Structures are given as structure tokens and as C-alpha cells.
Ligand code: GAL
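Okay, here we've got a single chain as C-alpha cells, the form predicted on its own, with questions on binding and movement later.
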């Protein structure tokens, strides 16, 4: 994509962020959260509510990843400024904790639940519990499947994330026979399937024509001539290459793959890594293997540590899903619900039980060449937080 066109995209993103901020305001967040009085137009109506009553409940997957702490902080700022009472809880990778969190929030009288599931199918029971209590449920970021109790979703175009990752590998490959190592997110996360589907849609033709040769998945090799994979075929591949979104799992899996690989399967390698945490873990392993002469590796989330890796040449790219837009869009939707206004959406997705109205947001590819424009000039991070910039 030409630089002028990308600049236009960034401008549009910034305008969208500004619009959402103007609609919503800004937050405070904690996993033990105190309830704050609901202030609208300079008045307090806490006397009409139970002492511990809150309006908006938020459930996030874990507080052990920078991405979700960043979202927690943003939610807190927006909701505080908007004057909504709220509570933010973390599921810590447990469906049981996730359901307990929802039960806690429902008992406090929430009207809107914003939930990013740690398991996109197992969350159905928790979502149904909220729906039965008359709570409007907004799926956040990850695509919740298999339940008709979900009212709305706010997220990014997940398939385009995988497309961007796969296309980056293609754009930086020359000749044929390039070793390709595939990694994916958790089998419990529907987005992991969608990310992989997007990446496979552009990588498969280049695998079929010999540009890339898969080195770490026999299941992927079995279907390397098939462009559109079935759910079962994708599940078989992801079962071999899943990182569970865990740094340590990613590191161990990469070590095992390189240990079993011949020197001829290394050299200049290309690595599809699903997100930034796993990308850094995998990159560190590939960087110290004496038979790996160079590597090109993808990422996602534009975490600070990975932006530094991109600047230092340790990670090749990351996909920016501007979470300012995501949190702003989710709270804007919650505000529309609480004010009995029309809820704004621009698409929908089929979750297997219903077509869920969705506000879908765009993504950007961040490389060493675009980091200044997309990250620093946009105000996503301050350049002063990083080293090695010229």
C-alpha cells in the first residue's frame, strides 16, 4: 500500500478515535473496583440506586498480559469521565472464574456487560446468565460463538489481521523453498481461527507454488494444496501449532521445533507468530540458533516491548489494533444502550446461533518504516519511551 494512502488511513483512524472520545468521555478501573456515583450533567443520582449498584460491568481475560492492563486503564479513564458507575474483573484464564465474575456483576445491578471471553465458546453460560437477568451483553474484541444471548460485538476485522501478517511474510520473501514456521493462538479462542484463516488465505498459494515450505506442522502439510480449509482441518493444524497465547508455551514449542529441525530446514526463515508476546518469545529462540541466519517474524497488538523489538530489528512487524478505538467504541455502545438510543453498528458476524450486530474496526501494519507515523505521530505511544530512534 502506498505511503500516501496509508497516511489517509491513519488520519481516518484518528478522526474516529476523536469522535468516540467526544461521544463517550473517559475511565477508572480496578479488579476490586469501588463503585462511583453516577453523575450526568453535573448531577448525582446515586440516591436512586442501591449502595453497591453499578451500571457497567467489564470482564477481561487476564491481568497477566500488557494488552489487557492497557485496556483496563483506558476503560477506567473513559467511564470516569462519562460519569458511569462500573466494575472491571479478570477471569485469569478460567471459565469458572469468568462465570463467577458475571454473577458478581449481575448481583450489583449492571445494565450492560462488556465481556472479552477467555474461551469464546465456553463463555455461553455466563452470557446467558447475564441475558436472563435483563442485561445487555456486548462481546469485546474476541468473537463469542454458539449463543443467541449475545446482543452486540465490538472488535477489529480479525481476518484482516492474519492477511496482514501473511502478506508481510510474502512481501519479504524471495526465491523458493523458504522455510516457514507456523504458530497460532489458543484453540479456545475463536479469533485464533479467524487470524489463521486470514493468514492461510494469502500464504497457501505461496506454499503451493513453492515459495514457502512448511517445516513444523505435518497437519498443515497434509492440506497445503487446499485454499479454503474446513473447521476440522484448521483445528488439526492449530492443535499442533497453538501457543495458547502463552509466552512460555511459545518458547518451548519453538525450541522443540528447532531442535528437531535439520540445519537445511533453517537458514533464512519466515515465522507466522500470532501476537506480540508469542512473537518475542519465538524470536528470542530463533535468534540464538546457530543455523538460523535470519528470520522474518510477525506479531499483533503493538505492545511497547514489541515496538522496541521492531525498532531494534528483533521483530519484523506488528499489527496495530488501536485499542483506544476499541474501548471507546465499546463504551459508546454502552452509553447508547443506557440512554435508550439507537446502537450504531457497521457489520455483523454469524456466531453459529445468530447473526450478531457488530461495530468492526480497521487494523494497520507497523514496521520499522511505519512506526513513527502509526505509533508516535498518532500519539499511541511517546517516542521518548523508546531507544534507538534516529
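None of the values given here were measured: they were computed from a predicted structure. Residue numbers count along the first chain shown, from 1.
The same protein has a further form, the form predicted together with the named molecule, not shown here; the description that follows concerns it.
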Quick one: from 301, 151, 119, 219, grab the residue that has a heavy atom within 4.5 Å of the named molecule in the predicted bound form.
301
Name the residue from 275, 306, 242, 91 that puts a heavy atom within 4.5 Å of the named molecule in the predicted bound form.
275
Tell me which of 164 to 172, 254 to 262, 140 to 148, 306 to 314 has residues with heavy atoms within 4.5 angstroms of the named molecule in the predicted bound form?
140 to 148
Looking in the predicted bound form, any heavy atom of residue 189 within 4.5 Å of the named molecule?
yes
Does residue 68 reach the named molecule in the predicted bound form, with heavy atoms at most 4.5 Å apart?
yes
4.5 Å heavy atom contact, residue 321 to the named molecule in the predicted bound form:
yes
Mark residue 195 yes when one of its heavy atoms lies within 4.5 Å of a heavy atom of the named molecule in the predicted bound form, and no otherwise.
yes
